[in-house]
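What follows is one chain in structure tokens, specifically the form predicted alone.
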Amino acid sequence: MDYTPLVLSLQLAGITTLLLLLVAAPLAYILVFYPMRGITFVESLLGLPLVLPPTVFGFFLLMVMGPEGVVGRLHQSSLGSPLIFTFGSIVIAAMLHGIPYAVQPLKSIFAKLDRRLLESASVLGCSRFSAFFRVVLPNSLPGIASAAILCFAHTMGEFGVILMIGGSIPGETKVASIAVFEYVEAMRYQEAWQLSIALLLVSYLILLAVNILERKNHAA
């Protein structure tokens, strides 16, 4: 049994989760504490992956990242190689599709913070940038960990977007969900069972970690 697709899924989920948190945390901070005019339109745009079918979202990305798309042409002219059907392309796709799954939980976490902490930090001379790192993040670590686990779990289950952007290249873009689909199509049920059970165990451990963190949060 080849577990390369499972390893690839874990790598994709780990990298995507890390990058998502780096992008989503400051974005959620701005949305919660420094709302501006037209912010509703921005939030609606960020939430599109929640309502669009993954294949439709993947198609839009394909049009932008493909050889004829703006980003695809720029990448081709800069690096001399196509962007799509690479591991980098599925990381980008997973990030864009997963951003509401990171931003929404982080918004909820930050909204629960006592705003007096930020007011005190401002009085003590902390800038908004400094307050984010010294006040918001340290007081939101358990919630951030829960959001990270949920992002990881969502990325592990990605299928439609990844298939549209990355195809099914062994060792490059053929993640576990795509491998299971192909095993079933080829009626290779034993391999499908083995990989599915491995995914089931990983998914259970992820949910177990989320529940443990939530219990600790409630207890605190």
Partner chain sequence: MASKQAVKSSPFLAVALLVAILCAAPSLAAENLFIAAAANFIRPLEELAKMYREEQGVRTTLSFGSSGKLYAQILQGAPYDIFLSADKERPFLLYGKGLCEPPFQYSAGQVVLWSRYHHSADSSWQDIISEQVGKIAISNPETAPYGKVPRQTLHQLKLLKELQPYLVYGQSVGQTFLFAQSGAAEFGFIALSQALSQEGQKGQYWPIPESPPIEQWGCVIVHAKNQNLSQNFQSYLTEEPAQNIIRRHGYL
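Numbering follows the first chain given and starts at 1. In this text, all values refer to a predicted model and were calculated from it rather than measured experimentally. By rigid core we mean the largest C-alpha set that fits within 1.5 Å across both forms.
The protein also exists as the form predicted in complex with its partner chain; that form is not presented, and the subsequent description refers to it.
**Asked** Any of the heavy atoms of Leu50 lying within 4.5 Å of its partner chain in the predicted bound form?
**Response** No, Leu50 sits far enough from its partner chain in the predicted bound form that none of its heavy atoms falls within 4.5 Å.
**Message:** I'd like to know whether Met95 contacts its partner chain in the predicted bound form, with contact meaning heavy atoms within 4.5 angstroms.
**Reply:** No, Met95 stays farther than 4.5 Å from its partner chain in the predicted bound form.
**Message:** My question is simply whether Ser168 lines the interface with its partner chain in the predicted bound form - judged by any non-hydrogen atom within 4.5 Å.
**Reply:** Ser168 belongs to the contact set for its partner chain.
**Proximity of Phe85 to its partner chain in the predicted bound form, heavy atoms at 4.5 Å** = Answer yes; at least one heavy atom of Phe85 falls within 4.5 Å of its partner chain in the predicted bound form.
**Item:** Answer option from Ala192, Ala153, Ile30, Leu62, heavy atom within 4.5 Å of its partner chain in the predicted bound form
**Value:** Result of the distance check: Leu62.
**Request:** Take the rigid core as the frame of reference and indicate whether the C-alpha of Gly125 shifts by 2 Å or more between this form and the one not shown.
**Result:** No.
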